[in-house]
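Below sits a lone chain in structure tokens, taken as the form predicted alone.
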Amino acid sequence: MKQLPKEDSKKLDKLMNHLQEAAETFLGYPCNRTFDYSALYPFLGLPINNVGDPFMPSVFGLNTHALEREVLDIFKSYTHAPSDSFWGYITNGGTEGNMYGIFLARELHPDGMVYYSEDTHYSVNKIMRVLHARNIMIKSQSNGEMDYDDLYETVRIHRDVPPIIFANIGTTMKGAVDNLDKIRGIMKRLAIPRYYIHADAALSGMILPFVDHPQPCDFRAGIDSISISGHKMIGSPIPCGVVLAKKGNVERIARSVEYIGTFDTTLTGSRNAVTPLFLWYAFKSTGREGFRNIIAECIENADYAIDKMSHFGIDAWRNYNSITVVFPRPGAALVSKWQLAVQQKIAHIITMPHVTRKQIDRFVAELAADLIDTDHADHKKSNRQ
């Protein structure tokens, strides 16, 4: 391998220093940075590619399908997927998994109507446009959960077409979990036998399997497909995720491709063969009990952050089984420094495994000072008016 010119090497060093510095104030987004995959570095020297269906042989032999299947089997156990009719694959992230779920639903119900709440991830609007799927946005409750009265009335009006429900298992800004029992109850009350439920469990899909009293969130609760991110709670230097679905629905879209000697059942052609290795390594090295301990500490740190904010009179809260701490939106400088996610009048931090109490202490002290300054500025502005 040829050496880079000195100027280009300096650019890389500068970028690394910038990223390491930014990582010290990374509180607003659900990406876990506590991982070490150095044992897998030799695989980066091979042009591996997981093209095609992970459950079928392919003439492209440079793949990690075998370990991908092991990863899928672990996710199957966490989501209680039906053993005799289960299928899935490792995606590039939550958006691809959500698109795949809605794609399956649309193929199953071509005349269906997609319903999703106003707290749903921004990518869903894009998915609807790409798939040309009919859709209606449902109101949300103040905690971010779907408004079930609005869902009932809206589905009732359009009960002549099959409902496709996009359920949030942990909303983006507030970590709210849509109640799958209530959603299925609405379908029963309206005597609707044909419907599809896709669950977006990007972050909470790796939280709820490890708490004592989880909300209904998986195949036992009547879902038809689910998307979970890998780079969030598990941690990965490359965005990734998993989508799980009922095999019978997947078979409707399968196409045989002679070029690769297998079936094309995924959204993309070439697929990342490295990220399945990361997820496999994380599961094997951490284990179920390890993740349970990690999740417990994350929840404890979320409560710690709320207590610290309350000490300064800051109105902070979280949803049940969520590690997303919501509070009033601070000024732009603090939002930028701590890389906070904001929406209208609120902001949040997410107590991921890399977030320490020392970081929380620093942040809350700066947040309290910022909100005091903002209140004073607003008070002066009000007096001038």
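The structure displayed is predicted, hence computed values, not measured ones. All residue numbers are counted from 1 along the displayed sequence.
Separately, the form predicted in complex with a further copy of the same chain exists; it is not shown, and the next lines address it.
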For A333, is any heavy atom within 4.5 Å of a further copy of the same chain in the model of the complex, or not? no
Could you tell me if Y320 has a non-hydrogen atom within 4.5 Å of a further copy of the same chain in the model of the complex? no
May I ask you to state whether Y281 is within 4.5 Å of a further copy of the same chain in the model of the complex, using heavy atom distances? yes
Would you check, heavy atoms only and a 4.5 Å threshold, whether L19 touches a further copy of the same chain in the model of the complex? yes
Segment that reaches a further copy of the same chain in the model of the complex - one of 176-184, 75-83, 123-131, 160-168, heavy atoms within 4.5 Å: 123-131
Interface residue in the model of the complex among D315, E297, D303, E107, criterion: non-hydrogen atom within 4.5 angstroms of a further copy of the same chain: E107
Looking at a further copy of the same chain in the model of the complex, which residues in 50-65 have at least one heavy atom within 4.5 Å of it? V51, V59, F60, G61, L62, N63, T64
